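Below you'll find only one chain, the form predicted on its own, shown as structure tokens.
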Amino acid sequence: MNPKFFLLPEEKQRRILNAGYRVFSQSPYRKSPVSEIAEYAGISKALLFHYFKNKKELYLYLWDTCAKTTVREMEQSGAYEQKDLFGSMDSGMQAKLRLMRQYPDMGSFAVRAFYEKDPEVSLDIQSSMNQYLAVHARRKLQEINPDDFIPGIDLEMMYQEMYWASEGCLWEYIKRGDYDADGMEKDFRKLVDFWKKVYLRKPGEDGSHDKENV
């Protein structure tokens, strides 16, 4: 990437990035024309390639910027600091939905990029995402209090199941071409309410309260 991109006025940088998010969010990587990105950005295709040597470099820079913006929003929301699993999930969901409402094209791009299958970029995207998920999952699993959940449950498998279900929910929106933040919030809250009913320990379930009263 040409460092001269960062010497551009912030407004022009933003215009180029927003153009990329808009075009890449509408079609798969291979079918997204760079000429259209340049047109939306108000610059020539040659100038765009002056800042980014090729389409892949632009795409991965957009992904990296999106990921860093999301992490920053998650940190500011306190999602990473909460010890309660479902409280952390709720804060994280609200942070991501705020970004989707503020920057709809960036949110749509992130969802589509996560499921991108083109080998030119998919391995880089998945490697980046898996590294983030692994760190986050390890941290969150270490903070979970087993006493909050039903006896004998495999907490790691529970966490993995929640991740898979969340992925499936996003995939349904992708297939429909629907990135409605309000609809996503409604569906995700249903999932969280279901998980709470299934996995959380009921009061007195371990018999500790009964023993105290003997």
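Residue indices: 1-based, along the sequence shown. Here the rigid core means the biggest group of C-alpha atoms that line up within 1.5 Å when the two forms are laid on top of each other. For clarity, every value in this text was computed on a predicted model and none was experimentally measured.
Beyond what is shown, the protein has a form predicted together with another copy of the chain; the following relates to that form.
Taking the partner from the other structure, another copy of the chain in the predicted complex has a heavy atom within 4.5 Å of a heavy atom of K175.
Proximity of S44 to another copy of the chain in the predicted complex: non-hydrogen atoms within 4.5 Å are absent; the residue sits far from the partner. Mapping the unseen interface onto this chain, P146 falls outside it, with no heavy atom inside 4.5 Å of another copy of the chain in the predicted complex. The closest heavy atom approach of K68 to another copy of the chain in the predicted complex falls outside 4.5 Å. Put simply, of D64, E57, D180, E161 only one has a heavy atom within 4.5 Å of another copy of the chain in the predicted complex, and it is E161.
The three residues Q26, V111 and V198 all sit with a heavy atom within 4.5 Å of another copy of the chain in the predicted complex.
Segments offered: 97-105, 112-120, 83-91, 69-77. Contacting another copy of the chain in the predicted complex at heavy atom distances within 4.5 Å is 112-120. If you fit the rigid core between the shown form and the other one, you'll see the Cα of S166 move by 2 angstroms or more. After superposition on the rigid core, the Cα atom of Y29 is displaced by less than 2 Å between the shown form and the other one. In a rigid-core overlay of the protein, Y115 has its C-alpha displaced by under 2 Å between the shown form and the other one. Whereas the displayed form keeps them at a certain spacing, the CA atoms of G168 and I125 lie at least 3 angstroms farther apart in the predicted complex. Legend note: Cα of M100 to Cα of P9 is at least 3 Å closer in the predicted complex than in the depicted form.
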